[in-house]
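Below you will find one chain, with nothing else, as C-alpha cells; this is the form predicted alone, and questions on how it binds or moves follow later.
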C-alpha cells in the first residue's frame, strides 16, 4: 500500500459500490435483489452472473471492508519509528481516518453483522478479533514501556476501538472536522483513554 492515509476511491468494484449505497439507505433486509441490480445497472440475471445471492454480495462487501482495514493498519504500523507510542499513534490515526474517509462502508460492515449467515458471521468475528489484537498489542506495549498508565490495557484497547468505530456513525463530510481533524482530535482522546503520561517513565 503506497499511502495508508489516502484511500483509493476506485478500489470498490461497481456492484459492491451499488450494494453499499443500497444497504446504507435501506438496510440489507430492506433491499431487494431487483433494487441491487438496478443500482448496479444490471438485470437480475446479470447480477446473478456475478453473484449467486444477495448474501454473497454482503459477504464480499464485508470481506472487502475487513481486508482493507487489516492491510491499512499493518501498513501504518510498519511506516515509521517502531517505539510503542509511535506505533500506537499511527494505528489510531489509521483507524480514525478510515472510519471517517470510508464511513459508509465501515458503518454497513458493522451494522449488518447481524445479517450474515452463521459461517460468515464467524468469519467476520475472526477477522475482527485479529484486527483487535493489533491494538491490544500496542496498548500493552505502551504500558510496558511507560507511555501509558492504564491498569486495564485490554479494556482500554477495546474502549479505544469503540471510539474509532463510532466515527463512522456520526462523521459527515460537511461537518466541523475533516478526516485529518478527526484523527488529530480523537487521537488525543484515545491517548487519554490509555492513560498517556506524557513521556515514558524510567523503570
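The structure displayed is predicted, hence computed values, not measured ones. Positions refer to the first chain, counted from 1.
The same protein has a further form, the form predicted together with a further copy of the same chain, not shown here; the description that follows concerns it.
Exercise for the section: Indicate whether the candidate residues 23, 155 and 170 are all in contact with a further copy of the same chain in the predicted bound form, with contact defined as any heavy atom within 4.5 Å. Expected result: All of them do, each having a heavy atom within 4.5 Å of the partner.
Handout entry: a further copy of the same chain in the predicted bound form: contacting segment from 36-44, 63-71, 133-141, 161-169, heavy atom within 4.5 Å
Key = Among the listed stretches, the partner-contacting one is 161-169.
Practice task
Tell me, yes or no, whether residue 177 is in contact with a further copy of the same chain in the predicted bound form, where a contact means a heavy atom of each within 4.5 Å.
Solution key: Residue 177 belongs to the contact set for a further copy of the same chain.
Exercise for the section: Although a further copy of the same chain is absent from this view, report whether residue 193 comes within 4.5 Å of it in the predicted bound form, heavy atoms only. Expected result: Answer yes; at least one heavy atom of residue 193 falls within 4.5 Å of a further copy of the same chain in the predicted bound form.
Problem - Partner contact for residue 111 in the predicted bound form: a further copy of the same chain, 4.5 angstroms, heavy atom - result: Answer yes; at least one heavy atom of residue 111 falls within 4.5 Å of a further copy of the same chain in the predicted bound form.
Problem - Residue contact check: residue 30 to a further copy of the same chain in the predicted bound form, 4.5 Å heavy atom - result: It does: once a further copy of the same chain is placed as it appears in the predicted bound form, residue 30 has a heavy atom within 4.5 Å of it.
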